[in-house]
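Okay, here we've got a single chain as structure tokens, the form predicted alone, with questions on binding and movement later.
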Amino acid sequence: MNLPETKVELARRGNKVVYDLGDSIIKVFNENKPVSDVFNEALNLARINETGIRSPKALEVAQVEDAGHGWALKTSKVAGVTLAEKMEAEPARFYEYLEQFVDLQIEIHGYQAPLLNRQRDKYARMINGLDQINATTRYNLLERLDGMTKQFNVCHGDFNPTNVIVAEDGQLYVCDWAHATQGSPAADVAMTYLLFALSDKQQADAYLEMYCERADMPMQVVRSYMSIVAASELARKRGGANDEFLMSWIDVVDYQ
């Protein structure tokens, strides 16, 4: 695959660059991204497409011939802006947009996709691979994970306003399904809470209160997943202040 000269860069983070190709979107990874991860993301997206959840359609996975690039995932384009952009542009309407965001996540949690990877298996693998915490803490986290109620709902795994597109007709679409699993909605909510809290604790608390109220979910259940989810996110080794913040949540002593 050759990238066209007309491509427009939309975002650049970590090991990927996202381009607008006019009639489609392409996510281009660098050479360090395992090809199996790229195919897994495409497979996740295809399975999400099959559920009927509003999301871009998986179109193609191909190797990029340009120097310094690895593989790319092409999807259909949903014309619009992200919910994060709307929240930033219209802060007075933040809570209105937050309601839409929460209702969309509740809607997603109502779906099942039996062929998605299991959430608890993924968390266990990531916790076992952590070298920033000692064996005792890893053991406590895994015991806590093992004691959680088994659920099999669709969970996005990285649900935040930057991954929600407000289409031109007002419909909401969800992109970036790389971390999708089937598992506990409470764990998915815990992840979204931490993602909010990384930049704004007040918004994080508002989100958690609103989700639990509208989904009739006990807040304690979400909080019981915080250390597990923080550990799994820490395993991504993004470094810096983010890792310090996540380490502060990995305290299972109170739950023994």
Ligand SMILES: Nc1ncnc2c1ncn2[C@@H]1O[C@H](COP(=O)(O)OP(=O)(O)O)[C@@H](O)[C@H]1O
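The numbering used is simple: start at 1 and walk along the sequence shown. All values reported here derive from a predicted model rather than from experimental measurement.
We do not show the form predicted together with this ligand, though everything after this point is about it.
This chain is drawn without this ligand; in the model of the complex, the residue among N153, N117, T162, N140 with a heavy atom within 4.5 Å of it is T162. The listed set T181, Q105, S184, T75 contains one residue whose heavy atoms approach this ligand in the model of the complex to within 4.5 Å, identified as T75. Only one of 77-85, 90-98, 141-149, 107-115 places residue heavy atoms within 4.5 angstroms of this ligand in the model of the complex, namely 77-85.
A residue is said to contact a partner when one of its heavy atoms sits within 4.5 Å of a partner heavy atom; L246 fails this definition for this ligand in the model of the complex, lying far away. At the 4.5 Å threshold, heavy atoms of K27 reach this ligand in the model of the complex.
In the model of the complex, at least one heavy atom of V18 sits within 4.5 Å of a heavy atom of this ligand. Interface membership of P56, defined by any non-hydrogen atom within 4.5 Å of this ligand in the model of the complex, is confirmed.
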